[in-house]
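Here we start with a single chain on its own, the form predicted alone, put down as structure tokens.
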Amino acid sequence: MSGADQPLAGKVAFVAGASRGIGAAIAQALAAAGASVAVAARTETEGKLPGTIGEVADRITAAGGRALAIPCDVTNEDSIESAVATTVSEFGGIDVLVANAGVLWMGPIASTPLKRWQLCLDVNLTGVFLVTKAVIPHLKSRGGGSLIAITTTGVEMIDRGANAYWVSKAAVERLYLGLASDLKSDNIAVNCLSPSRVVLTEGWAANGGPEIPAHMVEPPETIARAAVLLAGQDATGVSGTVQRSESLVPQLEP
């Protein structure tokens, strides 16, 4: 394949939350673009939801890509450090992070149990902080790279009320917007990316997400294409932004 077909050739990507849904689609797209991919998540064996890190890694290698299934719990700093160290040992470094691991809770605040509120913050916000903190030194050692956090358009929908999921994702956007300034001198692009519409993931279905009209549904391949475009950035390109997939793809694709 040509360089245009594999714009991420020689790059290493760490995708947290890659056992299913958006994370799996992004991991496969990054591999198709030439990156070696660490498929990182907690799910090693199938449980209530379909999808495991091994299955995703197998699909990548069957398609001719390079991938490694790595167990990783983003709420556990030791687990993250171990997963990052395994990636660096296997692939030689890290150039791209996609922080996608997340849990969904969209119940109203008045009826949200504290444990659900705390879980959203632990996974969706603190998990992003921990995995980002762990990979930054490795991106710096490579002379730059790209950090991508997956968020949601729901952070803008304040007319729809409040819930733990949207609050946690809004905090991630503020974290990454500030981090872009901090890491500019290290040539690291820092961006948030969300679907423009709703991606009907396994988690959405399992958590009783409302029925979505067909015109409001976005295929996971669209946000995966957008992630590939952001993965190719450094601080001289697109950085310090919150991107929506269907707006970004026409801007950056040739």
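Bear in mind that the values here come from a model prediction, so they are computed numbers and not experimental data. One rule holds for the numbers: they count along the sequence shown, beginning at 1.
What comes next is about the form predicted together with a small molecule, which is not displayed.
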Heavy atom within 4.5 Å of the small molecule in the predicted bound form - residue from Val74, Ala164, Leu139, Val84: Val74
Candidate from Leu229, Ala29, Ala41, Cys192 lying within 4.5 Å of the small molecule in the predicted bound form - any heavy atom: Ala41
Heavy atom contact within 4.5 Å of the small molecule in the predicted bound form, the stretch among 86-94, 139-147, 99-107, 172-180: 99-107
Exercise: Arg197 in contact with the small molecule in the predicted bound form, heavy atom 4.5 Å: yes
Partner proximity in the predicted bound form: Val12 to the small molecule, non-hydrogen atom cutoff 4.5 Å: no
Residue contact check: Thr132 to the small molecule in the predicted bound form, 4.5 Å heavy atom: no
Exercise: Val155 in contact with the small molecule in the predicted bound form, heavy atom 4.5 Å: no
